[in-house]
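Read the single chain below, which is given as structure tokens and is the form predicted alone.
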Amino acid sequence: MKKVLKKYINIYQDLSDDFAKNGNQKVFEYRNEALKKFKQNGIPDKNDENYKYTGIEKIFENDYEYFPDAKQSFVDINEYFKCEIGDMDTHVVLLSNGSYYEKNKPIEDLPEGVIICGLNEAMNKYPEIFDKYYNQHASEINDGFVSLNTMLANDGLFIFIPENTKLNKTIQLINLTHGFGNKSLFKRNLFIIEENSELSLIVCDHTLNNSNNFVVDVTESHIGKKSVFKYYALQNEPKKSSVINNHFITLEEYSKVNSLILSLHGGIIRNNIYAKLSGEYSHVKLYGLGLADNNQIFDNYTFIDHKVPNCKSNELYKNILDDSALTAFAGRIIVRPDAQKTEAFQTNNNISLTSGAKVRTKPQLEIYADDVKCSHGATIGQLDKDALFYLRSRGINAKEARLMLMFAFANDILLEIDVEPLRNRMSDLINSRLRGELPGCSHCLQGCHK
């Protein structure tokens, strides 16, 4: 880890003059602050309780090349990439190796005041909005990967929804990693939803090669008073990928957030979600489903901070494991002394299909208020033998009976998707994945997963 730490410190120092000349002065100050934190905290490893089971050492068995200006594709990505939810009527935005894709089709018919552009463009064109929200929540967390992203991220997606605005379509963000060679990429997104507005966003992560890629994402979402944010993420990566996702969510009063992450395939996937309920009567729902096999590692960490009274949080994470896969869940809920009338519920359920699969789970509650309703729990088990027997007695063969029970287990998560085409497509993908028919990205025409 010391070698890795030194490598990225040297990369930043070599590029610091360019960052100072070409970027927002405030962002450059954030970069330097992040460098200090990075030197102090370093890269998390297995000795860090929060990353104990992520397999960080395995990630850095490979060496990665860093591109300060992420390489765009020499051909039109739209010509050879087909999204897995192709029949959805959405506004589509592409990120190419972490950068806003230069051939993105213009989005028409947006309501007045809505901004959808690259993070770099927003930094320069809309500094009064950008400076108010950028790095406000993420800077509160002492995490080496967040510091690394703040140091080196150079672009991403910026979405601004003004007051009293609702888009006529869902936004679909497609994160594409492509090109040969092992790459380290750092993407940064900033989503701002002002008062009494609504945004529905689908994020699809795909890789169009079979290289060893190391990706660190940081997304900050600020949800204004009486606003709604629906966030759906589909992770379908090759087995050599290593992805660290960080999502910082700030909720003002009466706001609602529904976040759902479906991890279909990948090498090592780590999802960190930090939700801060800063306004009364705000409500956050966090859902996740992981389908892991072979030697895959899917790790979820959540931190929900109830800072004020009368707020609600619901968490439900489920995993189905096969072969020698490992999943981990660590969920921390803290209820501050002033956060009376809090309702917070957390559940992690896991099905292990083999003796070689491993589950590590640690739900946590810290309650410093006395008028609350809170619960947390976790289960690890196998398919119900009585239920299997019941299905077999009705003439269903053993394989189909097992598939039916696994799909029923996963269906609780799917029911939380209120975008019907997305729910139907995810249902198909889960069904295919459980049948072993989806070894990688099913609709990528490159066939790099084979």
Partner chain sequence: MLVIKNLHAEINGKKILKGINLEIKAGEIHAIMGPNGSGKSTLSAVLAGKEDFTVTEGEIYYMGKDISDLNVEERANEGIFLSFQYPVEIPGVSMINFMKTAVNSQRKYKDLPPMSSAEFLKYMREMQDLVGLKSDLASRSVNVGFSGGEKKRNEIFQMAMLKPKLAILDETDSGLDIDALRIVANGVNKLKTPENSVIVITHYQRLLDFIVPDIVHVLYDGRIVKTAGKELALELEAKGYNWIKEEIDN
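The structure presented is a predicted model; accordingly, all values stated were derived computationally and were not measured. Numbering follows the first chain given and starts at 1.
Absent from the display: the form predicted together with the partner chain. The rest refers to it.
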- Item | Residue among E65, E420, E61, D386 with a heavy atom within 4.5 Å of the partner chain in the predicted complex | D386
- Of the residues K39, K26, R392, K52, which one places a heavy atom within 4.5 Å of the partner chain in the predicted complex? R392
- Item | Proximity to the partner chain in the predicted complex (heavy atom, within 4.5 Å), stretch among 397 to 405, 52 to 60, 421 to 429, 31 to 39 | 397 to 405
